[in-house]
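Given as structure tokens, the chain that follows is alone and in the form predicted alone.
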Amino acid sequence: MAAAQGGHGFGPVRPVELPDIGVTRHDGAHLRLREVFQGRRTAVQFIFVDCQTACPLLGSLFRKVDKALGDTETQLVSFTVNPERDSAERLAEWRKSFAASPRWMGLRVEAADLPGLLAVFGQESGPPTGHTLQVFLVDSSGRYVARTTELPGAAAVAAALRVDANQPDANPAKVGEVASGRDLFEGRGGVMASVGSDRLDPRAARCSGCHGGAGEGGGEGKTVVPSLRGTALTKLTPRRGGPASAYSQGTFCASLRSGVDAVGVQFSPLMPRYEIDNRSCAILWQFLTNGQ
């Protein structure tokens, strides 16, 4: 990817569990790697303190993500690829230069453990100058699950982290506690939305208005409206000129709110941004993927 702060975000990989190795945090605390990642959705990057080219860009990227996340139970991790030189104190100073919040930590592993850690993320060990500009996503169970191409946009990273970290694919409540999936799809569920600065009432923002009464999709002129039926959401498919992606319940719900899809590609500006809660969105998801 070009270095511009925009474009594609995360693409899924086969989940890989992180090794249970020791790490040192920027404040000198000694932890186990799996302990660091348990319970929080995390974006990971690889840096080293003396880097004067790519690493300032990576630090600036995480600074933007850090500010965009607000009060969310997520975290950012910057691993040094030069553990022999980068002490905890040096990592602390590096973080401070980017005004990092407590959610953003610097970590170092022992030099002997670094090649194995890099291999988990598909990276080769070598001189520090060879490190990647990609960002990697670790889920709340401590599994590496997705990665970007080089230097993604801050909005794409923040959108991926905002997915409900603890139970992104939890089963929905029983239909009847909130509106049914069909009610939500047809705009009878009370979900507000907006297009740009214009707020829409639920009927005006109904899914069926653009995607068709059965979610079959369609289009008008140059506007293409995708299908929402059956496996249209869950099948690995190239969308809007981006890399192939497949939605989970969590990424689907995050996309409805943010207007950024599962791999960080922006929706059409005509697509409303929905103010939908997790429970209602879970029921809509089940309707679209199972209930039509």
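Just count from 1 along the sequence shown to find any residue number. Values in this document were obtained by computation on a predicted structure and should not be read as measured data. Only the largest set of C-alpha atoms that superpose within 1.5 Å between the two forms is called the rigid core.
We do not show the form predicted together with ligand HEC, though everything after this point is about it.
Look at 33-41, 232-240, 47-55, 63-71: in the model of the complex, residues with non-hydrogen atoms within 4.5 angstroms of ligand HEC sit in 232-240. Out of the listed residues 206, 95, 147, 131, 206 is the one that sits within 4.5 Å of ligand HEC in the model of the complex by at least one heavy atom. For the marked spot (109, 138 and 141), a heavy atom within 4.5 Å of ligand HEC in the model of the complex is absent from each of the three residues. Contact annotation: residue 13 falls outside 4.5 Å of ligand HEC in the model of the complex, judged by heavy atom distances. Contact annotation for residue 151: none of its heavy atoms lies within 4.5 Å of ligand HEC in the model of the complex.
Contact check for residue 210: a non-hydrogen atom falls within 4.5 Å of ligand HEC in the model of the complex. In the model of the complex, none of the heavy atoms of residue 244 sits within 4.5 Å of a heavy atom of ligand HEC. Residues 247, 252, 256, 266, 267, 268, 270, 271, 272, 274 are the members of 243-281 with a non-hydrogen atom no more than 4.5 angstroms from ligand HEC in the model of the complex. Core-aligned CA deviation for residue 210 between this form and the one not shown: 2 Å or greater. Core-superposed comparison between this form and the one not shown: the CA of residue 60 stays below a 2 Å shift. After superposition on the rigid core, the Cα of residue 191 moves by 2 Å or more between this form and the one not shown. Relative to what is shown, residue 55 and residue 266 are farther apart in the model of the complex; their C-alpha atoms differ in spacing by at least 3 Å. Compared with the form shown here, the Cα atoms of residue 44 and residue 262 move at least 3 Å farther apart in the model of the complex.
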